[in-house]
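Next up: a single chain in structure tokens, the form predicted on its own.
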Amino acid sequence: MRILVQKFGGTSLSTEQARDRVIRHIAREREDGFAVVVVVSAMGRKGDPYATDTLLSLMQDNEGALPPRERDLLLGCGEMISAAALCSLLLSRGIPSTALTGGGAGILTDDQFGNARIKSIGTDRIMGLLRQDKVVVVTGFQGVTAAGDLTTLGRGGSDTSATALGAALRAELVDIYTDVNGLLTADPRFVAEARQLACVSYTEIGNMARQGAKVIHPRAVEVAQQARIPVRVRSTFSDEPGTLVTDTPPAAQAVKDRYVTGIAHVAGVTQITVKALDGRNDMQLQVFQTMAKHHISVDFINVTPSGAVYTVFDHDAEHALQLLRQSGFAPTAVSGCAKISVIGGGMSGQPGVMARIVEALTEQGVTIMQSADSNMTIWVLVQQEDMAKALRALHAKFDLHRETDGP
């Protein structure tokens, strides 16, 4: 049996026109000989009746007075509505179909409500339904504990549901449908020349996703990579193939000779600098323990004997600074910054990449406030007012509008 998993996000299900496109994609793959499993998110986005953020707002008048277990019961409703509605639509079009919750589909999780992890997936029920030639519609974003309680998998959980089911079912492909036609070399809102990538590696798209590109959740990429299941990121509103994610591309889609794949960004961050106090050698320990204790996410960390520099999101900055002052430190901060990431699988060992980054930004008068690097990513921190200019400059410097780049 050739199995294909399709995941449709909230915008893919929010209107009658969009749902018609979903039906076309499902019918096409069935005609091509696939047994199809469909994973759905809640319909629409914040403000739409059944969107996850809209359901969350129901608790605001009660000051969020709902325990995590019961909160997951509320948040799981949106996907259940989507699954039942899509199942009904498929049946009305003469396509045999059935809907399952995450637990009904065999997804067993731990009991970390709100951010559960998948422990195992039993596939017998889905396989039996596929043998009956049915399309199996599964609620994304959720599973069930051993005690039978519904759990949710955290933000981006529907992507994770899809790749995890693909791995468990040994699917031939997992298609992630969204409102953009694949992964682009940069955000087209800021870089008009941004180009769609035909094929990328798991590591490249994972890094792009972690650094601000929102086409697929990083956890979903990790699951697919471990199982070596190819993933396609596609648009619901097009029949184009989108971006193929794999480490073993077919010859027709072989990765070109490039060492920079794309540019990603995260805006709305604050740079915090803390200097060590005379006679104290526990500064770094106290700073980061304090951030961890109060659940403040830190990033872009540079530590030296004389102090530490790191970033937090703007919305956490004032709280972080207050905690540091209470601990006896005198932190300084620069708000309204943006983290820009230059990402590429061929970057490791390639001389001159950082020089070109500095050259591109210097030519545009953009100040680099901080930098760091890993095996296949170089990060720079800039003022947010310079972000768009920096993105365009780096995209042009590495010729990302073309299919290949060079030294």
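Keep in mind the model is a prediction, meaning the values are calculated, not measured. The first residue of the sequence shown is number 1, and the count goes up from there. The term rigid core refers to the maximal set of C-alpha atoms that superpose within 1.5 Å between the two forms.
A second form of this protein, the form predicted in complex with adenosine-5'-diphosphate (ADP), is not displayed here; the remarks below concern that form.
Checklist line | adenosine-5'-diphosphate (ADP) in the predicted complex: contacting segment from 188 to 196, 224 to 232, 97 to 105, 116 to 124, heavy atom within 4.5 Å | finding: One stretch meets the cut-off, namely 188 to 196.
Note to self: Within 4.5 Å, heavy atoms only: does Gln384 come near adenosine-5'-diphosphate (ADP) in the predicted complex?
What the structure shows: Outside the cut-off, so no.
Check: Within a 4.5 Å heavy atom cut-off, is Tyr177 in contact with adenosine-5'-diphosphate (ADP) in the predicted complex?
Finding: Looking in the predicted complex, residue contacts with adenosine-5'-diphosphate (ADP) include Tyr177, since a heavy atom lies within 4.5 Å.
Note to self: At 4.5 Å between heavy atoms, is Val309 in contact with adenosine-5'-diphosphate (ADP) in the predicted complex?
What the structure shows: Answer no; every heavy atom of Val309 is more than 4.5 Å from adenosine-5'-diphosphate (ADP) in the predicted complex.
Next item on the list: Indicate whether adenosine-5'-diphosphate (ADP) has at least one heavy atom within 4.5 Å of a heavy atom of Lys214 in the predicted complex.
Entry: Within the cut-off, so yes.
Margin query: Quick check on this chain: which one of Leu324, Val298, Leu184, Ala168 has a heavy atom within 4.5 Å of adenosine-5'-diphosphate (ADP) in the predicted complex?
Written below: Answer to the contact question: Leu184.
Next item on the list: Answer with one of Leu150, Met208, Ala220, Leu86: the residue that has a non-hydrogen atom within 4.5 Å of adenosine-5'-diphosphate (ADP) in the predicted complex.
Entry: None of the other options qualify; the answer is Met208.
Check: Considering only 108 to 125, what residues come within 4.5 Å of adenosine-5'-diphosphate (ADP) in the predicted complex, judged by heavy atoms?
Finding: Nothing in this stretch is in contact.
Note to self: Taking 2 Å as the cut-off, check whether the CA of Met387 shifts that much or more between the shown form and the other one after a rigid core fit.
What the structure shows: Superposed on the core, Met387 moves its C-alpha 2 Å or more between the shown form and the other one.
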